[in-house]
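Single chain ahead, written as structure tokens, the form predicted alone.
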């Protein structure tokens, strides 16, 4: 384990940024919405906010990305690969919930057929996680077996009032720490007191006893046919906010547009909450908002764990609890459907 004083953290950031792009959470002062990831620059102030408004998913599965360009000359069509993401980069300050979301995205995009766009970014990225010093009342990652005091990643970090401890978990992580001369050796158990303090907070959070016992692939038809979906979904605005802040949602649409010099194909995030999601020539297979609402939560709590050895499609980051304009979220769905169904 290594350590660096917080007063030397900027020097550490500068050393990382000298060899590769560095991103970290900073206060979103313009919109006053909390923290957002941004490229490091001299004078940037690392934000200790519990979570960024948008998740770190953006680095590997961006909201919009160009995929291919088609150049046409008469009947001749030239297909051009226009990907430019070839630089190594580091993301500092990723929380345990977001780090856990990468495994869920990997199971989708790195399974055959592999998504080479996503794979390319994953190979170039290095993740430095940060344990949650002050989890909030909307956090419930522990419900899904995630330990906010022991975040995964290439390098795990713990911050105290005056020191940041760093532990490499992968070869990439070891190589990065070895390249930073300002780091000092620390005892392997140096962060144990910090971990214990975090777990004490986690044990007092209001959602820590939320149960997943009523969910999973073996409950599929019972949950699908529940008469509670109508009342749960009736106030939903279908705005899609929950899907756009979610670190594990992975749906997208692909479109082509004419640039005047050829055709460019791009993909962008989509939401199962939208009426035109997966719209086919014959129409949408889910014709009501209740069906679309049900699809979102059945996927997180039933379909995904059924196909992934019981792993749920939610990491308990709490973003949807904060952002939903009508205060409907996965916690309320779990509590309502779980009543009497454990």
Partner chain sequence: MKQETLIPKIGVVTDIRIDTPDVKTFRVVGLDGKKVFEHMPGQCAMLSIPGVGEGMFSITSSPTNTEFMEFSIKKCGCLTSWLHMMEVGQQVTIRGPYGNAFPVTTDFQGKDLLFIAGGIGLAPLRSVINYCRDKKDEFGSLHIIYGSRSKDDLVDYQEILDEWMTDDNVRVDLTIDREQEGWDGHVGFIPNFVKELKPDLNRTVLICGPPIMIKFTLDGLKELGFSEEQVYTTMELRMKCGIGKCGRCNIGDKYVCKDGPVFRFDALSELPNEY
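Numbering follows the first chain given and starts at 1. Quick caveat: nothing in here was measured; it's all calculated off a predicted structure.
What comes next is about the form predicted together with its partner chain, which does not appear here.
*Asks:* Does any heavy atom of residue 147 come within 4.5 Å of a heavy atom of its partner chain in the model of the complex?
*Replies:* Residue 147 lies outside the contact set for its partner chain.
*Asks:* Taking heavy atoms only, is residue 38 within 4.5 angstroms of its partner chain in the model of the complex?
*Replies:* Contact check for residue 38: no, nothing within 4.5 Å of its partner chain in the model of the complex.
*Asks:* My question is simply whether residue 276 lines the interface with its partner chain in the model of the complex - judged by any non-hydrogen atom within 4.5 Å.
*Replies:* Answer yes; at least one heavy atom of residue 276 falls within 4.5 Å of its partner chain in the model of the complex.
*Asks:* Just to confirm, residue 256 within 4.5 Å of its partner chain in the model of the complex by heavy atoms?
*Replies:* Looking in the model of the complex, residue contacts with its partner chain include residue 256, since a heavy atom lies within 4.5 Å.
*Asks:* Since exactly one of 179, 160, 170, 119 fits, which has a heavy atom within 4.5 Å of its partner chain in the model of the complex?
*Replies:* None of the other options qualify; the answer is 119.
*Asks:* Mind checking whether each of 196, 300 and 312 has a heavy atom within 4.5 Å of its partner chain in the model of the complex?
*Replies:* Contact check failed for every one of 196, 300 and 312.
*Asks:* Among 152 to 160, 120 to 128, 185 to 193, 87 to 95, which stretch has residues whose heavy atoms lie within 4.5 Å of its partner chain in the model of the complex?
*Replies:* The contacting stretch is 120 to 128.
*Asks:* Would you give me the residues of 285 to 312 that have any heavy atom within 4.5 Å of its partner chain in the model of the complex, in order from first to last?
*Replies:* In sequence order, 285, 286, 291, 294, 295, 299, 303, 306, 307 come within 4.5 Å of the partner.
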